[in-house]
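The chain below stands alone and is given as structure tokens, in the form predicted alone.
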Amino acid sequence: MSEPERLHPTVMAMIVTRDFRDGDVVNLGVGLPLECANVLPPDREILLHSELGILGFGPVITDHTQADPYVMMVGNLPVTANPGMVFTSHDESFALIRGGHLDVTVLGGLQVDQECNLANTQFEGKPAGNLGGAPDLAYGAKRTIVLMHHTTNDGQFKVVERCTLPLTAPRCVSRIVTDVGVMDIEGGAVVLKETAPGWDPERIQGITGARLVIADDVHEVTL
């Protein structure tokens, strides 16, 4: 039987951003998490933060002729300079992170386990990973959301009982949003809250390494 369609990255990002609160300070990791910058709720003011030292920027600029070389986020990606945006020094930026002043960080993931551990910096077989600010962000934010595809390209599990890759940060993940569902980690268990259209809990369990606990009110994804 063929697999149901998986969620598009834009829809995945919309699931994440629908729960941002007015005034939240949010850091977005590179890759899939950056999709969130383009689908922020228009009725709420969300302050996007980059560890490079900018706060209050807008969407990523895809037309490089419109880019300002002084307004860049991690990965040397040019972003929109929103009214009121501020620059900070590198140490001030990390003081915001380490001081617990970020409301949410959205990071990609290679593995997440049922103990809330995150591995997202070193692929299997690679001699070393690129940590960057990920450990600070994952552990320092009030809420850490992992936005990732549910499995690898070759079908390996990414939501697992115990991470086998080197950890980026321990016991930090609150929520996992993938292309097949939404899961919260509660009390050492991965709780399935929402499913993508066409995906039932049994099918999602079949591509998940950790045992899923099905929420009493589990339902199809809503935006």
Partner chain sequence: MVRPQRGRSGPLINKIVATFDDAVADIADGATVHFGGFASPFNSPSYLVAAVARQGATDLTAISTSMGRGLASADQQSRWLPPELRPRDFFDIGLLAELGRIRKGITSFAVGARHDWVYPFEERLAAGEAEVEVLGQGSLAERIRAARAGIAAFYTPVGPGTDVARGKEVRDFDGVPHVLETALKADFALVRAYKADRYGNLIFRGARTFNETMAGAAAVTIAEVDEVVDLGELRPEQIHTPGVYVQRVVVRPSQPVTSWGTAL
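Fair warning: this is a prediction, and the values are worked out from it, not measured in the lab. Positions refer to the first chain, counted from 1.
The same protein also has a form predicted together with the partner chain, omitted here; what follows describes it.
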Open item on the list: in the predicted bound form, is there a heavy atom of the partner chain that lies within 4.5 Å of any heavy atom of V160, even though the partner is absent here?
Closed with: no
- Is there a heavy atom of P69 lying 4.5 Å or less from a heavy atom of the partner chain in the predicted bound form? yes
*4.5 Å heavy atom contact, D184 to the partner chain in the predicted bound form*: no
TODO: Evaluate G206 for contact with the partner chain in the predicted bound form, applying a 4.5 angstroms cut-off between non-hydrogen atoms, and reply yes or no.
DONE: no
Of the residues spanning 87 to 112, the ones with some heavy atom within 4.5 Å of the partner chain in the predicted bound form are F87, T88, S89, H90, D91, E92, F94, A95, L96, R98, G99, H101
